[in-house]
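Read on for two forms of one protein chain; each stands alone as C-alpha cells, with the labels structure 1 and structure 2.
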Structure 1
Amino acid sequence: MNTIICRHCDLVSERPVLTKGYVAKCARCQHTLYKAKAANAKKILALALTALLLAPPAFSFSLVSVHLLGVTEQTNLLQGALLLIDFAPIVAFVVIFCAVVAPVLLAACMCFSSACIVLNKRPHLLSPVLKMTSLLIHWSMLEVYIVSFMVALFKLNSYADLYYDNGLFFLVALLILNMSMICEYSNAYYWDFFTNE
C-alpha cells in the first residue's frame, strides 16, 4: 500500500520515502501526514512511567506559600479543585478532569500500550486503551494550568508575599514529560501493531 489518505481533507497522496528529520505534509491542506521517525515504544514507556511516579507529588505537594497578615498558607492543585465542588460542581469537575484525571489517565494508557508493544502482547484491552488515548490527548491541559498559575500569581502579588514550593517543580516536570510523550506518540503506529497479528 503506497498511498496515504489525509485525515483532514481526504486527499489521497503517494507515500514518499522520508529521510530522517523530515515530515510529510498534505499537498492540499498542508497538515502533517506522518513523520519520518517511528514511534519509540520503549522511550514512551519510560516517559509514561516517570510521569506516573511524578503525578502524586505534583498534585498533592504545595505549589506556592502565601504570607498574608502574618499567616502562611500552602496551596496545592487538588485542594483548589476540591474546594470548588461545593460552590460550582460543574466547574470543579472540568478543572479536576482537565488538570488531574486526563494527564494521569493519558500516562497510564500510554504506559499500558507501550508495555504491550515492548512485551509483544496483544490483549483485548489494548483496543479501548488506544481509543481512549486519542481522546485524552485533547483534554490533557497541564500547559494551560501552568499559564493560569502564573496569571494567578500576578494577581496575588498585589495582596501578599509569595514563595514557591516543591510541588511546582514536580508539576513542571510532569508537564514536560506529558508533552514529550504526546510528541513521541503515533496513533497509526500503535494501531498497526495491534491489528497486525
Structure 2
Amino acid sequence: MNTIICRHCDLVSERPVLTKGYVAKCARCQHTLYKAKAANAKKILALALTALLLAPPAFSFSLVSVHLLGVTEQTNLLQGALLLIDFAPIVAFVVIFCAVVAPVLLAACMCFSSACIVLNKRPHLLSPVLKMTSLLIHWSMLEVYIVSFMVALFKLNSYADLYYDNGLFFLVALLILNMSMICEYSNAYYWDFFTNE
C-alpha cells in the first residue's frame, strides 16, 4: 500500500493520486504533505550546474570596497565570516554553513539527482542524496546573508565611501539561481520517479 506519513503529527495515511497543481494536506493537522508538481529535471540540472560554476567567484571575489579615513579595505564573504571566529564563533559557523556550505551542497545534490533522471540511472548514492537535498533546502539561507549584508552597507553608507565590486554581482546571481532551483524542485516528484520506474 502506498502510504505517506505527516512530518508534523506522524499521521499515517494513504497517498492520494493528485493532478498537477493540487496539494495533499494532513487530515489531522492540515499541514502540507506534498504538492503535485512535475519538476523539470533538465532545467534544474542547468540551474544547478550554473550555480556550481558561479559559487567560486561569488565567495572569493571582493563584495565591496570600503574607503574610510584614507584607507580602502576589501573583503569577500569567506573573509567576513572568518573574521567573526574570534568574536562570535557560533555566528561565524552558522554564516559559513548557511551562506556557503549549504547552498553549494544543495546545488551539487540537485545536480546529481537531476542528472540521474536525465540519464535514467539509479546509483546507490541516490537515496542519501535525495534525503540530504530535502534537509539542505531548509538550511540554504543565502538570501538572509544578503539582506543582513545590505543592511550593514546601508548603515555604513553615512560613515564611509562604498564601492561595489564584482563579487557582489556574482553573489546576487548565485542567490537568484539558488531560489530558482528551490522553486522548481519537487522532492516528492524525484522520489516518485525513482520508486515507480
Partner chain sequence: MNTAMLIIGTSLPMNKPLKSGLSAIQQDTQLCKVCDRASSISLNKTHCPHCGTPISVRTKHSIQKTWALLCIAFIFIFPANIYPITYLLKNNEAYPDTIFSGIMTLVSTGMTGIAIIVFVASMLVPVLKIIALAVISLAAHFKWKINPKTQLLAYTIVDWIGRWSILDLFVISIMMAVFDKGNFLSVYPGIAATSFTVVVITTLFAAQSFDTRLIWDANLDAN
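Values in this document were obtained by computation on a predicted structure and should not be read as measured data. Each form is matched to the other, and the largest set of C-alpha atoms that superpose within 1.5 Å is called the rigid core. FYI, numbering is relative to structure 1, first residue = 1.
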**Message:** Of these two forms of the chain, identify the one that is the form predicted in complex with its partner chain.
**Reply:** 1
**Message:** Once the core is aligned, does Ala46 move its Cα by at least 2 Å between structure 1 and structure 2?
**Reply:** no
**Request:** Please check if Ala88 moves between structure 1 and structure 2, taking a CA shift of 2 Å or more relative to the superposed core as movement.
**Result:** yes
**Message:** Aligning on the core only, does the CA of Cys9 end up 2 angstroms or more away between structure 1 and structure 2?
**Reply:** yes
**Asked** With both forms put on the same core, how far apart in Å are the CA positions of Arg28 between structure 1 and structure 2?
**Response** 8.7
